[in-house]
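In the form predicted on its own, a lone chain appears below as structure tokens.
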């Protein structure tokens, strides 16, 4: 006979060891599955390792990990306050729309000075992503609507809104009929240090620092943490639950919106349909893997950026579809959930 007992206290070292073992389990299970499918497992793992030790590929890894890192940092704020934001993907798209809108206003109407373009694009991307997250947060505060459903549905609305814009009013008149916005001017692109990944790393470290300071040293961060532990305790302590929820949601969606700014301004240089391969959904796995620690988000995000980069190499070397990486990510997510179970409970033999 067995029974489950909740851990009263678990050290960081033990918690980290459980997460590390869950990653090893994910690699082991993935290897078995691919072996049964007649895939060269050793070659598969060598390709993944190669992207992290080859300088040129490592730069590409960092390049593709920045949107995941920024979206994950936004989810840290939401998850820590007990708001299950599944809408980082849609908030990324809204950040893209806002940044592209500023470029169009500048190019066609001269509304924004060239010297202020990046600052204005960053501000409106943050506000657009935050406003998109405020919609489900308001529904939860006012009507008690479950935020998991509303944030998820808003993802598809944002993606379809991008489709409408690039196929319609925002289509490049010189784009030969392709569904693309006008290209961004050089002064509206994130190319600090000669490569967008340099600017992305600077932005990611700055945002991670701000999130850490928010929860470590500010009154708002303390209220968000208390709210995440128990809504009833937060009410009893006199915390304005509704206002704090809305403010935390604004910050969460705003940081994800900055990820959208990086995609269009640093990676692509213009807006186009289905521009994100699922950065917002991958960010959920990264946030859980990092145990909602803003500093651990950085290496965890780079790891998943490496998986995306390895997916391209796997397609050319082993002739595997890119969905193989999605399978790998899904197994990692399941193992992380298993690790979370063992972090909270222990199995005890009952005599």
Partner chain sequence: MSIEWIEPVLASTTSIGVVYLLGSLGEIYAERSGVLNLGLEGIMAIGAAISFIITIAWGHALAFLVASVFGMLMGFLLAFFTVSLRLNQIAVGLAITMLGSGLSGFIAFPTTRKTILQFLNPELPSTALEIQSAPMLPSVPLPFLKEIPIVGPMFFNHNIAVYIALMLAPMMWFLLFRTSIGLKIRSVGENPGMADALGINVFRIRYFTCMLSGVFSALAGAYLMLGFQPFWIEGMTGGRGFITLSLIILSTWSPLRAIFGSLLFGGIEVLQYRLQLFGLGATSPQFVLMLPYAIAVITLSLLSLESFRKRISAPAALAKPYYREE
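None of these values were measured; they are calculated from a predicted model. Numbering follows the first chain given and starts at 1.
One more form of this protein, predicted in complex with the partner chain, exists but is not displayed; see below.
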Is residue 108 near the partner chain? Define near as a heavy atom within 4.5 Å, in the model of the complex.
no
So, in the model of the complex, is residue 334 in contact with the partner chain at a 4.5 angstroms heavy atom limit?
yes
Would you please decide whether residue 212 lies within 4.5 angstroms of the partner chain in the model of the complex, comparing each non-hydrogen atom pair?
no
So in the model of the complex, does any heavy atom of residue 177 sit within 4.5 Å of the partner chain?
no
Just one of 293-301, 50-58, 280-288, 66-74 has residues with a heavy atom within 4.5 Å of the partner chain in the model of the complex, so point it out.
280-288
Though the partner chain is not shown, can you say which of 131, 202, 123, 161 has a heavy atom within 4.5 Å of it in the model of the complex?
161
Of the options 143, 206, 114, 119, which one has a non-hydrogen atom that comes within 4.5 Å of the partner chain in the model of the complex?
143
Does the partner chain come within 4.5 Å of a heavy atom in each of 32, 99 and 262 in the model of the complex?
no
Sequence-ordered list of residues in 52-84 near the partner chain in the model of the complex, where near means a heavy atom within 4.5 Å:
84
